[in-house]
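Quick setup: one chain, the form predicted on its own, written in structure tokens, and binding and motion questions come after.
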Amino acid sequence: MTYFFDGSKDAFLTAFLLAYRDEDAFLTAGSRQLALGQQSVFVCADTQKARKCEARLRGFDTACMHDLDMLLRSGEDARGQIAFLYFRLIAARRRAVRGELAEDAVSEAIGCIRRVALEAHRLKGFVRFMECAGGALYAPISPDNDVCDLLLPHFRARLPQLPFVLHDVRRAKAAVWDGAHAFTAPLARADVVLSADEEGWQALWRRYYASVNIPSRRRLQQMKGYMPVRYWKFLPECPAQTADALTTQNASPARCADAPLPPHGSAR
């Protein structure tokens, strides 16, 4: 039986209860081609059942809901099944199993969690903000995983006085800091009016990047290891040999919030 759910925690926990004793169960939050004669069901979230299931699982592993949150953020098509097999093992053994990496269900789940956490960590350095005409900052991103709101605490701490929007263009959502409140909201498209100084700030950042670069010591493969190519489309300092391929992108972000301060101590 294939169990479809909408990707939310409550829907997963509801589906988990239904599928727990089904040896052929497959949980998915996406699409799946069914074999001839294979049955399927779309599981709607049942809040009451989900809370009972959550309480039971927390009794076995107090940190398991954090694992579930990270697993459901994954962009992998099999994230639902990975989470299901991991949590079924927790329920069967009635204890935390994250250290038992010899188990395929555990190693796949922990690997998935680590990939989500790694991308959130990388984006803290790869986000490039643009200054809007009203003074707020805007940054488009397109991560593999749903990590947009995980970045909010980092940039809120670095830019406490500046409103900003982190726009996940792939998932049509945004994480927003308005100077007083942090929240997420749907955002299919953003029509951004840039400030008059924005082009200058981009040029300044590119000049800084060029000044610390050593052309005779270029190591493109090593660079790709530290800065995966899929993030380059939002980096104004991207390597020159990729510029032509990237000019078709709509966004031209400016500064990195982790970069050194511009001249005169003006916090960007």
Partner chain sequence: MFDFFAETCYTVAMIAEETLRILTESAKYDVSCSSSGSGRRNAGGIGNGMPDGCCHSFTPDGRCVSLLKILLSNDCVFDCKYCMSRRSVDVPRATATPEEICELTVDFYKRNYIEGLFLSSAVHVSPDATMEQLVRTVRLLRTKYRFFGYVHVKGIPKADPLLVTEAAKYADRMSYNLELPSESSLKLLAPQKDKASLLAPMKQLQRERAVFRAEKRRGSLLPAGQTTQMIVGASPERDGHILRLAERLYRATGLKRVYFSSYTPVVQDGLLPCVQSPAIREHRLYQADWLLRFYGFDADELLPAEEDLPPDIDPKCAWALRNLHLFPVEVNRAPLETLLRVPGIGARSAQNILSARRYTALSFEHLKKMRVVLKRARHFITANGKFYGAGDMRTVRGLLAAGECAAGARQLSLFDAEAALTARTGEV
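Owing to the predicted nature of the structure, the values given are computational and were not obtained by experimental measurement. Residue numbers count along the first chain shown, from 1.
The same protein also exists as the form predicted together with its partner chain; that form is not shown, yet it is the one meant from here on.
Although the partner is absent from the chain shown here, 124, 154 and 226 each have a heavy atom within 4.5 Å of its partner chain in the predicted complex. In the predicted complex, its partner chain stays beyond 4.5 Å of every heavy atom belonging to residue 87.
Among heavy atoms of residue 222, some come within 4.5 Å of its partner chain in the predicted complex. Residue contact check for residue 170: none of its heavy atoms lie within 4.5 Å of its partner chain in the predicted complex. In the predicted complex, its partner chain stays beyond 4.5 Å of every heavy atom belonging to residue 26. With the partner omitted from this view, the residue of 197, 77, 144, 149 that lies near its partner chain in the predicted complex is 197 [heavy atom within 4.5 Å]. Interface residues of 127-148, taken as those with a heavy atom within 4.5 Å of its partner chain in the predicted complex (partner not displayed): 127, 128, 129, 131, 132, 133, 134, 136, 137, 138, in sequence order.
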